[in-house]
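As structure tokens, one chain now follows by itself in the form predicted on its own.
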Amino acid sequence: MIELPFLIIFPAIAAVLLLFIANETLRDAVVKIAALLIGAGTLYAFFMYFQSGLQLFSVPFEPASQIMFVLELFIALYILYVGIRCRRYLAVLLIIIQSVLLIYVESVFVMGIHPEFNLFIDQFSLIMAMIIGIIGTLICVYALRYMQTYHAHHAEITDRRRLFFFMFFVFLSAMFGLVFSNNLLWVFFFWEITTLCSFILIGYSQTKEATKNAFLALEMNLLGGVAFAGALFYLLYVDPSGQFLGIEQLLTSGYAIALVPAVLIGFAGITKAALMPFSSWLVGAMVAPTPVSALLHSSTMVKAGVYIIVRFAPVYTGTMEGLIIGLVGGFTFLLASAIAISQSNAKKVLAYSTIANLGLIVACAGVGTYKLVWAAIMLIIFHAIAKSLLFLCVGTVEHRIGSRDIEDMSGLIVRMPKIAVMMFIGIAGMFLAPFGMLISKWAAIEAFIEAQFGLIFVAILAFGGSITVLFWSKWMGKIISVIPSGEKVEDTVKKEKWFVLYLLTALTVIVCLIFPLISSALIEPFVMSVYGQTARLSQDNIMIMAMMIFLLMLMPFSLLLYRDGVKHVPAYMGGRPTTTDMRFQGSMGITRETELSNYYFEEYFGEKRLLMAGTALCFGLILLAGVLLTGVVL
């Protein structure tokens, strides 16, 4: 059991140390040692418990809960202060409502309860812990050199790296606490810490835009926090003994008790996972340094949202409220994928891709059949690895070429061949077989066919998946296009960055290769323990994976064979005379330079057109769920 408290407490201790270390060399050493120990602790916990199934641990409730309550009040006072100072009165109102609910719960109900099993671990917790402890710490190591370069390029921004790394490790601590906590009061505490960390990290540069977007994230997540606090109030009002505060106890309590808190917590998950109508905060978070974006997308903030919804998936099964949550996720997947077509900013493409995939995960969890929960967990794993790799690659490219625009990445295979191969693998991991994202989507389609109202989701997934192919293919084509001349600019990339990028690339491939093992050893036992039956990786999918392995191994490495001495053949320009340096003879004998550009169809798929439609549609669905939930309560 000591592994769980270590993973929760040690990152917080490392965070405090980093807050007071001003020396850059010492800070680098502390970050690397802490990352190594956290990664080792995660692996140790994995090998200790991956065959054990659900394990509940008895942890003293009162001392820890009292400390958490005091810290929650300090967090509330801080948010109240910055909200008043910056005149963001919606944040002030929401934190007041949340604090009043929390103080009432603590003073009226909590004093008389003594939950015993406050920590737990199962295969799903282990999967999440591996994502946090491996991917999260790799991002921390990558951030060492990134932030050094970041401040060299942005001398006007105050160097607050002590606060930056403090928040990074607090984030990891909170995520470990969230996925290992069985007590919903403790889950709520760690939930709010992630909200605070994201607020501070998004606003790191302290520019007007960063501050505005940080408050947008704060307000939307506080709205979810109010719903979470409402769920705690409801549970303790219905049963003041507090026996249903345990997640495991609540899930086995039955529809009548669990549905209301599950839907309220599901709403909190929707806000934190940045589904429509709350997706704007995650797009706005792109103003933060790239490691922040990678951390939010792959191993912390948004993963907390989908984690909690997948946890409560058995409660949503067969309910109208669950169907509505699924539809919110489904329409988010479709519309966010479509918006990604119109984006040339690489970080925005990654942002909308994240929102889309989170929507698909929530669609699976909302409908909540055992096959769909299997697919949802697989999507979480593959999305975390591939998206972290892509974000860090984009950050590296931006520092080398001075742009994050996809159009400026033409011929990246010439200028930054190693990074281009890594990006190729990362993008392939998002939509090509044999990577698990595509296999999981196929499994989801099969599961939706058997589910209630499943054909709606099948149609959404079919159209959304097709759109996904379009925007990823455009980007992939730009990266691997060969240009006549291009200066190599990747030689100055720091060794820490290379280490992280190589490791994430290897993880993307390795996890693909051991896909069936992950399913049989982790996901299937978890689904079996919850539903009494489980999905399995079909033989057809395994055969497809085997056939695609050849292309997986051959294509990226063949790109490395490109050399400066390779013969260039002039581009075909419809019979026009062309030269090897991409020029052609146009009308009136004028020589013009060839320009290649993708289609973005902004008039059809632009943010203004689709974001408003998605916001209205999903907001209406959430209101409908609220009406239905009111009927259940009354």
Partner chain sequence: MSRQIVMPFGPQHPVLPEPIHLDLVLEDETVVDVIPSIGYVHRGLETLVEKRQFPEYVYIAERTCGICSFIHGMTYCQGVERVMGLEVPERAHYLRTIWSEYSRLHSHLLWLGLFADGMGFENLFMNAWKHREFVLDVMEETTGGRVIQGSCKVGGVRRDIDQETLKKMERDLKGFEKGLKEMANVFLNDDSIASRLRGVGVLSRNDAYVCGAVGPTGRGSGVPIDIRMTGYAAYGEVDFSPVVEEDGDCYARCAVRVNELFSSIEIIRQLIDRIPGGEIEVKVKGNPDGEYFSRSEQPRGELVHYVKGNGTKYLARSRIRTPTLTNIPPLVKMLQGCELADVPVIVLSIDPCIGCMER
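Residue numbers count along the first chain shown, from 1. Here the structure is a predicted model, which means the values were calculated and not measured.
Beyond what is shown, the protein has a form predicted in complex with its partner chain; the following relates to that form.
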Using heavy atoms and a 4.5 Å limit, would one call residue 63 a contact residue for its partner chain in the predicted complex?
no
Taking heavy atoms and a 4.5 Å cut-off, does residue 47 contact its partner chain in the predicted complex?
no
Test of understanding: in the predicted complex, would residue 608 fall inside 4.5 Å of its partner chain by heavy atoms?
no
Taking heavy atoms only, is residue 586 within 4.5 angstroms of its partner chain in the predicted complex?
yes
So if I measure heavy atom distances to its partner chain in the predicted complex, which of the stretches 53-61, 588-596, 66-74, 28-36 falls within 4.5 Å?
588-596
Would you confirm whether the three residues 3, 24 and 495 all fall within 4.5 Å of its partner chain in the predicted complex, going by non-hydrogen atoms?
no
Of the residues 149, 211, 118, 344, which one places a heavy atom within 4.5 Å of its partner chain in the predicted complex?
344
Interface check vs its partner chain in the predicted complex: of 407, 524, 219, 106, the one with a heavy atom inside 4.5 Å is 407
